[in-house]
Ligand SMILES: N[C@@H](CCC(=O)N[C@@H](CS)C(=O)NCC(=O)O)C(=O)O
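Take a look at this single chain, the form predicted on its own, given in structure tokens.
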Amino acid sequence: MRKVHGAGASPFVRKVRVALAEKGLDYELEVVFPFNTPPEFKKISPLGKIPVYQEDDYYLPDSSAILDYLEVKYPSPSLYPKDARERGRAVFLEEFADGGIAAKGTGAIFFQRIVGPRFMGQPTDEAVVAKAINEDLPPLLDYLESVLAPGGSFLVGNQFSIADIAVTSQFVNLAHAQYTVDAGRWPKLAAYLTKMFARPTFATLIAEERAMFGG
């Protein structure tokens, strides 16, 4: 029995769910919200964070660790490039998304526009949102624009990989928070995200999440 413990709208939970879907692996979503997690959850996630992947009596926290585990145990189709240099870039872009875009963009904009008002009764701080949109995100988007080939379908080589999963997952949350990449300023990135959002493994979850948010 496979389970993913976490909330569907989390970009890190989405990473795992997309990877499982890409590999054709069935699972159940055990809903756990990242705020005020029950004490017993710390037994399977010592940092109290989501997601946690469960396979029978085996529990593994952290989306990056989970994707690595899935790749080794279920190697086909592969989500990691075979070429060493491309694999290194894919792993870096996963961290670029998880530690960069999440911290400077998603964490600010999605929290201020969705999490705070809807789930914690906090008003949106538009100054925080404006800083993220106008100052913090643009350099990161500039970088992604620079690494995408014209008309490129994937971030690394000619293969859908963990880089695409991690980066796109962050932009799904930004889209839920009504942030859209300016196609005039970042045309390659905007076109790339349109393709990724339409990919069935993402599109299914996006529709599920929009319904949850009443969209």
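Don't overthink the numbering: it's just position in the shown sequence, from 1. For clarity, every value in this text was computed on a predicted model and none was experimentally measured.
Heads up, the form predicted in complex with the ligand isn't pictured, but that's what we're talking about next.
- Contact between K49 and the ligand in the model of the complex is found at the 4.5 Å heavy atom cutoff.
- Although the partner is absent from this view, F202 stays clear of the ligand in the model of the complex, with no non-hydrogen atom inside 4.5 angstroms.
- Proximity of S169 to the ligand in the model of the complex falls outside the 4.5 Å heavy atom cutoff.
- When contacts are judged by a 4.5 Å heavy atom cut-off, S64 counts as touching the ligand in the model of the complex.
- Looking at 189 to 197, 21 to 29, 6 to 14, 202 to 210, the stretch with residues near the ligand in the model of the complex, meaning non-hydrogen atoms within 4.5 angstroms, turns out to be 6 to 14.
- Residues of 90 to 104 placing a heavy atom within 4.5 Å of the ligand in the model of the complex: D98 alone.
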